[in-house]
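The chain below stands alone and is given as structure tokens, in the form predicted alone.
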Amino acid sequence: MADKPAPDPSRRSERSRRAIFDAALALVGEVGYDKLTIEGIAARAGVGKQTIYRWWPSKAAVLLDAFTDGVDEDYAKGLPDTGDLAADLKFVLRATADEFNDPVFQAPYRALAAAGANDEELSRAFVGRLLEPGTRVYVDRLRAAQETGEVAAGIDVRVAVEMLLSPFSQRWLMRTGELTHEYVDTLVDLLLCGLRPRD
């Protein structure tokens, strides 16, 4: 009788990690961040809570890793560059608005944003893992537009990106209005009025 191959611990660990991520993201939507617990995540994932504590120090750390899993690959693609800056920015921001309006996305993002307001370490990690890389892809796209003459040479593109993304985030986080395609198109149009080269 042939010997059975030994179980691969890395595959088992990856299955557990994925189950923990799925459980954390589902539970935060169901019970909210305040009632989210390591015990609850472990029970939903079908693992022992010590398995979670072996990899993460807190529920915030679990949720942050779960929410940002895979974003590096997304950001590595950068923004589209069709040669039409306005069209490219509108395309990406419309898709982003759709994502932010999805309840599955909203729950963990809002939970992390709220928890980060009172937890400097979590806030810095959230910025470093998600917000800063996201900002960088916009900065890179505007720099490319500067090289082709679509954006004036003297513009600080980092500040320009913040002028685009901050009203988007503010409207969504504070619920000051609907996050619609029309709204993000207006943001892009207003921004580009100030960025285009002057004759």
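Numbering starts at 1 and follows the sequence shown. In this text the structure is predicted, and so the values were computed from the model without any measurement. We call the rigid core whatever largest set of C-alpha positions still superposes within 1.5 Å between the two forms.
Although not depicted, the form predicted together with another copy of the chain is the subject of the following passage.
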| query | finding |
| --- | --- |
| Another copy of the chain in the predicted bound form: contacted by all of R110, L191 and G194, heavy atom 4.5 Å | yes |
| Heavy atom within 4.5 Å of another copy of the chain in the predicted bound form - residue from V151, I52, L36, A66 | V151 |
| In the predicted bound form, the one of V104, A87, V71, V127 near another copy of the chain [non-hydrogen atom within 4.5 angstroms] | V127 |
| Interface membership of T82, another copy of the chain in the predicted bound form, 4.5 Å heavy atom rule | no |
| Non-hydrogen atom contact E30 with another copy of the chain in the predicted bound form at 4.5 angstroms | no |
| Non-hydrogen atom contact Y183 with another copy of the chain in the predicted bound form at 4.5 angstroms | yes |
| In the predicted bound form, A19 touching another copy of the chain (heavy atom, 4.5 Å) | no |
| In the predicted bound form, residues of 157-196 near another copy of the chain [heavy atom within 4.5 Å] | V159, A160, E162, M163, S166, P167, S169, Q170, R171, L173, M174, R175, T176, Y183, T186, L187, L190, L191, L192, C193, G194, L195, R196 |
| R136: Cα shift of 2 Å or greater between this form and the one not shown (core-aligned) | no |
